[in-house]
Ligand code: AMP
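Single chain ahead, by itself, as structure tokens, in the form predicted alone.
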Amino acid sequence: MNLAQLLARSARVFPGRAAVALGAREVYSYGELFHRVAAIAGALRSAVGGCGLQPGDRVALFMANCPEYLELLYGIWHAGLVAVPINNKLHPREVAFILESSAASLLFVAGDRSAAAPMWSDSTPGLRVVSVDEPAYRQLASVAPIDVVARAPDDLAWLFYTSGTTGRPKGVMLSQRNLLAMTLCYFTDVDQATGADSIVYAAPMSHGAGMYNFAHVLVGARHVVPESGGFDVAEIMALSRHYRQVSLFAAPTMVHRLVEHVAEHGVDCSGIKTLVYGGGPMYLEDIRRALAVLGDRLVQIYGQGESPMTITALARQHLADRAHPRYRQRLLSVGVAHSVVEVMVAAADGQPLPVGSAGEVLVRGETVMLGYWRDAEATAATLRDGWLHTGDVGVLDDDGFLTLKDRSKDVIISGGANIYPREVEEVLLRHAAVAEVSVVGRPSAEWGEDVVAFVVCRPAMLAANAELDQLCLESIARFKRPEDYIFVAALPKNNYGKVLKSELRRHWKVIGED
């Protein structure tokens, strides 16, 4: 079982069909894409004039969305290697940690991200860095092609780094089997993709949006990278008018911007076939407005890196069933379990709770990760008795719809990106004047949540906002930097000395009441 066979199959059946486009410009047909992928795989494996990599070796990608992303992913799998896609917004030092942890042999970069290549080469022995903008990359596609390398179902395919509650990134190990099961779930629970569709990569291909490539490769659909490389509302609407049958994955903040644009300008949105949203809470009034403006084109999914894109789904028909007596409750939910997983709400001891009771959301099935890369302790804590413990708190109703109540891991979701407070806190504590700090999320109409830091300074010392900002910019990605610093005399704590973040969040309610 090798995911690269999905592309090989479509290239045989639909060789002349458009496969990759940059904006409105067609780049490769399926036949051309497969030939490039097979040649890149040959270059990755060849010991003579190539990279000489062996099955199971890790290859990292640190790039914004671009046509090369898709051919590199499939070139990696075609060669029997493991893809390590890295969030292109991360700080170079965060990238260095991932490269060292994964023991990546090769890193592909694009644009200004190649500037940090010397630092990565020095910190990761044996690492080779290749820019897709340089002639050396173009030469890869001229190497003799090789056949798809056979892989076992449980062989590692995708190593996805997601920070834990301690702030230390963990590598989620996703197998060939995990990703194939996720792909089949797309057809049963999300959307019926066809060869006439075009999937637009407006969200990072290093994350969930990129994982939806498999379903669209399988049916020979077109893969469109916006010329901007990201989410520009006017550009997305223009592409939907050009291709006429467009699907895309978007974070709630992106959906909000799209809705406001369509409503304000009266833009025709009939070219959007399916808009899948997830990665953060969609508030009731927001989803109602989205349905009113865009029509019945939306599907919600709830997943984690540990069970990618596949815990629950709120299908198009559920969002459209306005006559259902529990329609409002369903809009507030994240839907029902995906076809290949079981979802349970459990007590602290792992035992199932009755319908209507709040507890931790547990998942088991074909999409659940193999474990965390070289972290047996974290794996044992998260995978217990065959179940993935998500750390999220939820409630199941009689019909199997899951409603999330809280995130026990205190993760902040801003613009669809996960931000882990401990990581930010550790950076801020480096300032000589900072005695204590606690980071929480503040509701934001635009981003879902903003990062806010409550700071306690040492006696007779002060910490300027600009100084704290600079600390963050030197160590972590810009999007993780707090939007606001609130200086307090002390942090609220329980009898055990644990900071009560629930009390800090009450700050917004008090302000609202005032």
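So that there is no doubt, residue numbering starts at 1 and follows the sequence shown. Nothing here was measured: the structure is a model prediction, and the numbers come from that model.
We do not show the form predicted in complex with this ligand, though everything after this point is about it.
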In the model of the complex, the residue from G441, G210, G80, G278 with a non-hydrogen atom within 4.5 Å of this ligand is G278
The unique member of E423, D392, D189, E366 whose heavy atoms fall within 4.5 Å of this ligand in the model of the complex: D392
Considering this ligand in the model of the complex, find the one stretch among 424 to 432, 336 to 344, 304 to 312, 173 to 181 with heavy atoms no farther than 4.5 Å from it. 304 to 312
Just checking whether L362 would be counted as a contact of this ligand in the model of the complex - the rule being heavy atoms within 4.5 angstroms. no
Within a 4.5 Å heavy atom cut-off, is A378 in contact with this ligand in the model of the complex? no
With heavy atoms only and a cut-off of 4.5 Å, decide whether A103 touches this ligand in the model of the complex. no
Does at least one non-hydrogen atom of I413 fall within 4.5 angstroms of this ligand in the model of the complex? yes
